[in-house]
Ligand code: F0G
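There is one chain below, alone, in structure tokens, taken in the form predicted on its own.
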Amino acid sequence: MSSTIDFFISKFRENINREDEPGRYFVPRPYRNASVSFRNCSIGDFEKRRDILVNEAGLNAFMFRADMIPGCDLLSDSGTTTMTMKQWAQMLLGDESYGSNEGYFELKNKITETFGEDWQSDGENKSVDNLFIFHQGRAAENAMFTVLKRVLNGMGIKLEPKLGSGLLPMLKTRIESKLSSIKNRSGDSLDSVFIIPSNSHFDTTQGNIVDKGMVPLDLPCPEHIDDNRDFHFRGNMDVAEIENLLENEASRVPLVYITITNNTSGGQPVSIANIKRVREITDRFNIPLFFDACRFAENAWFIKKYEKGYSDKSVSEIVHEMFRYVDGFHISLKKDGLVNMGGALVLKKGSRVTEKYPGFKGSLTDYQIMAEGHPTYGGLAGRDLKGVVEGLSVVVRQDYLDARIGQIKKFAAGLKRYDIPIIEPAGGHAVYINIDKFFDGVETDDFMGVSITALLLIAGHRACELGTYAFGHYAGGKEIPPDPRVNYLRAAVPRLAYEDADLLSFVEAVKILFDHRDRIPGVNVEYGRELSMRHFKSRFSFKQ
């Protein structure tokens, strides 16, 4: 009997180690539903959704009423997480004291536990800590670049009025194009403009940098546009370009950013080898290195899965190593914090940024108090802090990440089954449809990503155009596309919220559009074409 049981155990184990196939599931979810929420509308209400889309929302997915989406709301994975029962239980225990609530101290300890010993308070100045809490990541970005620009201006740094002659030609062209597009209200000239390079800045990060009169510069690795499914780190930074930039313009670069995972390039991960190499380059020029760390746990999962030498390390061990190479990070806790609201900016103990810019921490504390509140709550309720602490415990669990990223892989496989062009391999939080390839061989207008998202809303699903409209801009009477070019429709999957059947119904709706793509109309921009962050605010109409 024992040998028979052992036989079946071996077969069961073999089964759960199989790669998922379309329509087949070998591993159950590591969680079960504890509550459900029924829709307020029917999937068959097509005419009602058309009326809202055209007459209320102006074809803008951001303006479409969420309560009228009966299918998948894949506009964002930010703040859309279904929280766990333990998170809700912790929120009931929230301490709502105005100053120094207990959740603050629990979060400080959890930051050190999650990211490593280097991230505990440095103890240099008891009135200035290294954890700055904000109501969301966007506010942390704004604080970061507002204070940085103030400190830089106060230091009176003199910059050359011309770009270095040794810059790579394509890199120089990209910088000059960015410079010409910045609406710098203060009228700054080149000799006072700083550059913030990244593997790729996301839209709000880019917007915050531009708003402060600085240049956001994307330096994605060459592989980010390849169709090489065997290369798993297409979120990497181009090390040749960052090295060339710093060799010629180091005085113009106050810090370097790496976004993990690289959202703009399709939610693609960054390897530790690339992080380490960028750190070596920034070390040579004494420049701080920061993470945009919104999806740090997903990034660590990819490293464990695909980077040589890391398969036997835990996700937590990999996270510690990743964060060993940076001086600071900001994070939207609405992603890999698994909460509905929250953000933070964290500086490493003895950080290079505080050594190079001595007034930075103090000014950041002042800004936080003025904009958000006392540093020990930073725009969040005490119960929210408790939820974050529990969320950070869950997000590094192997079983959670296996299920999370496995669901994205199955979603991507569903689209590939119908030859719908997507970024491959799929990233950790979303599937990205390549709009240019979607319409390959079909004569189209600009902004077809807006058209697809609008028609998907009528079908009952919501996604997000992240392409020539979201990342391009209008200047001198003409459209300037993003450089490097990105033109995607992002279907971002909320954490723990949808089942595979929901996502596969989204696939079937996209298939209808793909099969009849020659009939999809273009759009007119009725309002907002010249505005900053225009994709949040614009209104469109279908061309007749």
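Since we're looking at a predicted model, the values are computed, not measured. Numbers follow the displayed sequence, beginning with 1.
Heads up, the form predicted together with the named molecule isn't pictured, but that's what we're talking about next.
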> So which of Ser78, Thr376, Ser271, Gln90 reaches within 4.5 angstroms of the named molecule in the predicted complex, heavy atom to heavy atom?
Replying inline: Ser78
> Ok, Lys335, Lys386, Arg234, His461: which has a heavy atom sitting within 4.5 Å of the named molecule in the predicted complex?
Replying inline: Lys335
> Looking at 90-98, 414-422, 145-153, 199-207, which one sits within 4.5 Å of the named molecule in the predicted complex if you count heavy atoms only?
Replying inline: 199-207
>> Can you work out whether Lys305 and the named molecule are in contact in the predicted complex, taking contact to mean some heavy atom pair no more than 4.5 Å apart?
In response: no
> With the cut-off set at 4.5 Å between non-hydrogen atoms, does Asp238 touch the named molecule in the predicted complex?
Replying inline: no
>> Asp218 versus the named molecule, in the predicted complex: is there a non-hydrogen atom within 4.5 Å?
In response: no
> Within a 4.5 Å heavy atom cut-off, is Ser451 in contact with the named molecule in the predicted complex?
Replying inline: no
> Even though the chain is shown alone, can you say which residues of 291-312 have a heavy atom within 4.5 Å of the named molecule in the predicted complex?
Replying inline: Asp292, Cys294, Arg295
